[in-house]
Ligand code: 48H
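Have a look below at one chain only, the form predicted alone, in C-alpha cells format.
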C-alpha cells in the first residue's frame, strides 16, 4: 500500500513550524511561574498535579528524556511498587489500578503508575519539559530563591559552555531524588546560605530501614531554605534519613505535603 502523494499537503516546513511555534508558545508561558518543580519523579509529579489543580501555574523541568524518576524499575527491575493504604488514594485518583497486599499495602504496576501520574499532571495543566536541566537558582536581593536557571541537558553532557536562561517562580521544589541537587546548589553558591537541617551540608540518605524511612519522609518535607522546598528522596538526603527501596507511599505523601507548603508560600508572596 502506497501513500497518494497528490493528496498530501504536509511538507518539511509545516512540521518545523508546528514544532517550533507551539513549543515556544508553551515555553514563553512557562517562564513566569507560581511553582517550578525540578525533577519529574513521583513526588514532584504529585506536587505539581495538586498545585495545578488549585489553579497555579506549574512547570516541571526534567533533564532526562523520560519522566518518572526511579519508579520505572520497581524493585530490582521487577516493575511493581508497593504503596501504603494511606497513600493509595493519590494513585487511584489518577486511575492507577491497585492490588491489595499484606500489612495494609497495595501493589501497583510501575509503568502504569509513571504514565498515569504524568498524564494526570498534564491534564491538570502542568507543563513538563524534558531534556532541560536546572543548573542554578535565581535569588532576589534578600537571597531568597525566586526562580531557576535552565539549560538544555545536552549542553553539559557535551561539555559545552553555553549561557543559560532564567525562569521566575514564587517557589521551587527540589524533587531531584537522591542527589538533592538544588539544595546542594544553594549551599554551594548562595552567599551565607544554610539549610533548615541538622547538618550544614547535604549528607545524603542512610542505609535501608523501610518503616523509619516512610515515617520520617513527610516530616522531612519542608522549606529548607527561603523559597525552596525539598520532597521525596531529596527530603531524606537533607537529613541523612533512611532509604526505603521500592515502596512509594511516602514519596506520594511527601509530594502532597510539598504542595501544601508551596500553597502557603505562594499565598504569602501574592
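Residue numbers count along the first chain shown, from 1. Fair warning: this is a prediction, and the values are worked out from it, not measured in the lab.
Just so it is clear, the following notes concern the form predicted in complex with the named molecule, a form of the same protein that is not shown.
Only one segment in the set 51-59, 241-249, 218-226, 22-30 has residues whose heavy atoms sit within 4.5 Å of the named molecule in the model of the complex; it is 241-249.
Not displayed here, the named molecule is approached by residue 178 to within 4.5 Å at the level of heavy atoms in the model of the complex. The shortest heavy atom separation between residue 47 and the named molecule in the model of the complex exceeds 4.5 Å.
Although the partner is absent here, residue 91 is not a contact residue: none of its heavy atoms lies within 4.5 angstroms of the named molecule in the model of the complex. None of the heavy atoms of residue 203 is located within 4.5 Å of the named molecule in the model of the complex.
Only one of the listed residues (169, 114, 134, 87) places a non-hydrogen atom within 4.5 angstroms of the named molecule in the model of the complex, and that residue is 134. Along 208-232, a non-hydrogen atom within 4.5 Å of the named molecule in the model of the complex is carried by 231, 232, in order along the sequence.
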